[in-house]
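Below sits a lone chain in structure tokens, taken as the form predicted alone.
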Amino acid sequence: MAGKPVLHYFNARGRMECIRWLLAAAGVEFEEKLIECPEDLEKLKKDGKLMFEQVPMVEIDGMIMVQTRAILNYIATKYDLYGKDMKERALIDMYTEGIADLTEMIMQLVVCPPDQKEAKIALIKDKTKNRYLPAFEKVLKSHGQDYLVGNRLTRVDIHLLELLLYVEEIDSSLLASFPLLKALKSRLSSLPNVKKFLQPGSQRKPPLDAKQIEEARKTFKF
């Protein structure tokens, strides 16, 4: 029997958090080997484990996988979270890319210069309220079902829940005008595997504070 997946990344959300979320939602236990200093990262490179010399990297089913989308695609396929046919998969991919666009904007706040942060947050709020959340509210309204695609849980529901929680961290009022998304968030949060991941002490990562960001800058020189 194959061992648990092993996740190699920093002690932060970054590009690994969506992988943590998907594994947790699928009920898959995983281990983490945290990269705590430049030497840890250099060793992975020297050992030939980082195809493109960057993380995330996941050891799973005897494979060494890099590139976030490739890892997510594999997990979603393996645990039947990728729709029942090509058309459902196409919708899942399309919605996932939209989620990734807004998530990327939010992730960039971590490295945003202080004098630009206020403007960046204002832009994120605008696009959240006027572009992205209306699009997903419309999807749910169009079919009246409990999940985004195929009336069953897929990866895109988990990706959207993760995003909605990030949006609430920025401004909890942003979801107020989207009752179907609020209901989806509540429904997904009550699923046993998700509920467990949302509990304190899980492998879910908190947002970095200013001090942690500064320490990471000094350590990893970014």
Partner chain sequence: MSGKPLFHYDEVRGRMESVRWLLAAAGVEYEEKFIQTNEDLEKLRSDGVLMFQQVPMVEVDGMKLVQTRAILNYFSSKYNLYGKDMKERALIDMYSEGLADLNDIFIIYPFFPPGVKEAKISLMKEKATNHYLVGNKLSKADIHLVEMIYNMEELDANIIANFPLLQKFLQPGSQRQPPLDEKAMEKIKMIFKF
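Keep in mind the model is a prediction, meaning the values are calculated, not measured. Residue numbers count along the first chain shown, from 1.
Below: the form predicted in complex with its partner chain, not depicted.
Peer 1: Any of the heavy atoms of L41 lying within 4.5 Å of its partner chain in the predicted bound form?
Peer 2: Residue-level check for L41: no, no contact with its partner chain.
Peer 1: So, in the predicted bound form, is G98 in contact with its partner chain at a 4.5 angstroms heavy atom limit?
Peer 2: It does: once its partner chain is placed as it appears in the predicted bound form, G98 has a heavy atom within 4.5 Å of it.
Peer 1: Using a 4.5 Å heavy atom cut-off, state whether A119 contacts its partner chain in the predicted bound form.
Peer 2: The answer is no: A119 has no heavy atom within 4.5 Å of its partner chain.
Peer 1: Check whether L165 has any heavy atom within 4.5 Å of a heavy atom of its partner chain in the predicted bound form, and answer yes or no.
Peer 2: L165: no contact with its partner chain in the predicted bound form.
Peer 1: Using a 4.5 Å heavy atom cut-off, which of 32-40, 180-188, 59-67, 167-175 contacts its partner chain in the predicted bound form?
Peer 2: Contact-bearing stretch, as computed: 59-67.
Peer 1: Flag this candidate site as yes only if F10, G27 and Q145 all have a heavy atom within 4.5 Å of its partner chain in the predicted bound form; otherwise mark no.
Peer 2: The answer is no: none of the three residues contacts the partner (heavy atom, 4.5 Å cut-off).
Peer 1: Where, within 153-185, is there a heavy atom within 4.5 Å of its partner chain in the predicted bound form? Residue list please.
Peer 2: The stretch 153-185, when checked against its partner chain in the predicted bound form, contributes no residue at the 4.5 Å heavy-atom cut-off.
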